[in-house]
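Just the one chain here, the form predicted alone, laid out as structure tokens.
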């Protein structure tokens, strides 16, 4: 019973961890704007943590960006305007899903190209392997048996 309770508390704390990054003083009074701010914060990369969204990060810069997002939304910006503003200020790196353009083709298509090249190499190597030898004819088998009998 104690183990289950401990496990349940740990799971609850793990699930609540990312939600704790947004401080109560950052939240907007309007629930619609707050929901938009949270959605945008999940699309933006923490520039300090790099693999976390600013919604999940506890870094000071992530806090500043969350506040900036809320300020822009409160000022009347659309979601696209907020993302464009941050993209212009910090580059594509601030977006967790960068746009598909020539500068990001390697990012988007590189893994597929690497997989295709790897598959081509594997197929080429399999084709390059020599064919298994043909089975011995009855005459060859008899000669081998004769040679082996001489060795005894």
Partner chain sequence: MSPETSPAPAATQPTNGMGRRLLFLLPVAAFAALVGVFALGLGHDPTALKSAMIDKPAPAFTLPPILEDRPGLARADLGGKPVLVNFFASWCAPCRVEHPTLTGLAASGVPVYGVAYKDKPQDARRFLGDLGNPYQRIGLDLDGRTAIDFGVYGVPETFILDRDGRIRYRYAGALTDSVLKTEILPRLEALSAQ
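Residue numbers count along the first chain shown, from 1. Because the structure is a prediction, the values reported are computed rather than measured.
The same protein also exists as the form predicted together with its partner chain; that form is not shown, yet it is the one meant from here on.
I'd like to know if residue 97 sits close to its partner chain in the predicted bound form, meaning any non-hydrogen atom pair within 4.5 angstroms. Taking the distances in the predicted bound form, the answer for residue 97 is no, it never comes within 4.5 Å of its partner chain.
Whether residue 40 contacts its partner chain in the predicted bound form should be assessed with a 4.5 Å heavy atom distance threshold; does it? Contact with its partner chain, no.
Distance check, residue 58 to its partner chain in the predicted bound form, heavy atom within 4.5 Å: It does not: once its partner chain is placed as it appears in the predicted bound form, residue 58 has no heavy atom within 4.5 Å of it.
So, in the predicted bound form, is residue 65 in contact with its partner chain at a 4.5 angstroms heavy atom limit? It does: once its partner chain is placed as it appears in the predicted bound form, residue 65 has a heavy atom within 4.5 Å of it.
Check each of 33, 103, 48, 116 and return the one that places a heavy atom within 4.5 angstroms of its partner chain in the predicted bound form. Going through each option in turn, the one that passes is 48.
Along 90-105, which positions have a non-hydrogen atom within 4.5 Å of its partner chain in the predicted bound form? Stretch hits, in order: 90, 91, 93.
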